[in-house]
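Only one chain is shown below, in structure tokens, and it's the form predicted on its own.
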Amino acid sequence: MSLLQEERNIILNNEHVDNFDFAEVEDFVKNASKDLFISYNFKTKNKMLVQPRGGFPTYDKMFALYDFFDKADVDVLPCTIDSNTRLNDYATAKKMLRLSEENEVDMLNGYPLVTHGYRTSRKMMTHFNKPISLRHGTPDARLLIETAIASGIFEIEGGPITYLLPYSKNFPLDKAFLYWKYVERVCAEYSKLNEPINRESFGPLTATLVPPCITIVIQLLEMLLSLEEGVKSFSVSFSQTGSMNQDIVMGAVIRKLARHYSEEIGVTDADIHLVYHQWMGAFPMDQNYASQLINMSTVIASMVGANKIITKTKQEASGIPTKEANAETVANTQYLLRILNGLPKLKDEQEEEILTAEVMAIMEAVFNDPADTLWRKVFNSIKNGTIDVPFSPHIINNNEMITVRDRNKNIRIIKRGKVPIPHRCFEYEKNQCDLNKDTTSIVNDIIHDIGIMQ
């Protein structure tokens, strides 16, 4: 028995999981409809796929949500997991699910997939014959991913960095790397049976003044860690930054460097996709403004040539969006995409050159770490500050990098901490900003920026 199989047996013997039938699951994946695989949809649908967010605790409400989305022209269905399952607290998830079912009140903020089990969930996940995206924020997602694939979910979001640094304070980073290594291997193994299981990284990170070079470096590293384990379909992603020009530049650079670095490690047969998130920061209370913000992000997604867009709603500032609000956004996004064909390509050569140099300098520093494996090199690079995510709550993150917006709303680095930004690039970044202000004014600008679109 292989080490992977031994580990799988231990994980799937969890007391909160039904008996797992590996042979039956393999047979299911082997014969599953290709339409359930987002990797197949990427290849065959000549359009940008549109995906909303959403998840309810009970089976009936989740089924009703999917039924509503199916009729609303959604390309990819979401499966947002509840926060107890995200923290591997299956006992509490089970209790809250029972309370939700008995009282018809949502006691969980998502679908407790592990608690429902794969045999029950599969009936729903395969009913609509559309790809489903698993969205969860879990540093240890091993059991969740096994259950998801067995249920018919073949698109897995997250990664050891992007699902840890923005969400967790104390969870050990080295454990997250090893747990996600398991996830990648499972995805790679099941990918041999049918179309590839797609892995998608979470580009928005803290969604607060994250400079493009940090976003891209983390996307590239999670991609490489995934490809290294045999994954053949991967999506890099980022979210609307608040600067159209910076988004267009970021889209061009991340595409170029994703292909460059995958070839650097000898992987030339993997499909790399680009996912764009509509605005992830604080939304304006005025729903008319919120709608304009969403529409603008759809235009940008079209300009960067994204393969998928993940939508927001005009209700974001006032609570949990309704399914009707989600459906309205999907309809508007689909309409905009249909009329945006033929947009001219915009290019900012100077910004692309600066951003490319920054990313490649950080990547070189990561690769030059003396550790013997890539995940250890990345772990060391986060620990020593080579990679620094602004506003991360995690104790291992350096939090020495400081960023502000310039007069054109571009995110600029004014203090690089230990991140090896080349000197000429750093001077360029600072020269775009008004740094003659006193420290208090700069801090106030940063605080104000958290509500930039309000």
Partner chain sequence: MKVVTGVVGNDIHVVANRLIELSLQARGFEVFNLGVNTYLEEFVDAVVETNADILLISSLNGEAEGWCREVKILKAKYGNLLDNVVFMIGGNLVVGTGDASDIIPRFKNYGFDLVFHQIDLNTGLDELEKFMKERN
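Numbering follows the first chain given and starts at 1. These numbers were taken from a predicted model, which means no experiment stands behind them.
This protein has a second form, the form predicted together with the partner chain, left out of what is shown; the following refers to that one.
Here is the short version: of 27, 400, 427, 60, the single residue with a heavy atom within 4.5 Å of the partner chain in the predicted complex is 400. Contact with the partner chain in the predicted complex, judged by any heavy atom within 4.5 Å, is made by just one of 151, 208, 302, 80: 208. The closest non-hydrogen atom of residue 385 lies beyond 4.5 Å of the partner chain in the predicted complex. Mapping the unseen interface onto this chain, residue 326 falls outside it, with no heavy atom inside 4.5 Å of the partner chain in the predicted complex. Looking at residue 446, you'd find a heavy atom of it within 4.5 angstroms of the partner chain in the predicted complex. In the predicted complex, the partner chain lies within 4.5 Å of some heavy atom of residue 169. Of the candidate stretches 62-70, 392-400, 44-52, 418-426, only 392-400 has residues whose heavy atoms lie within 4.5 Å of the partner chain in the predicted complex. Residues of 411-440 placing a heavy atom within 4.5 Å of the partner chain in the predicted complex, in sequence order: 439, 440.
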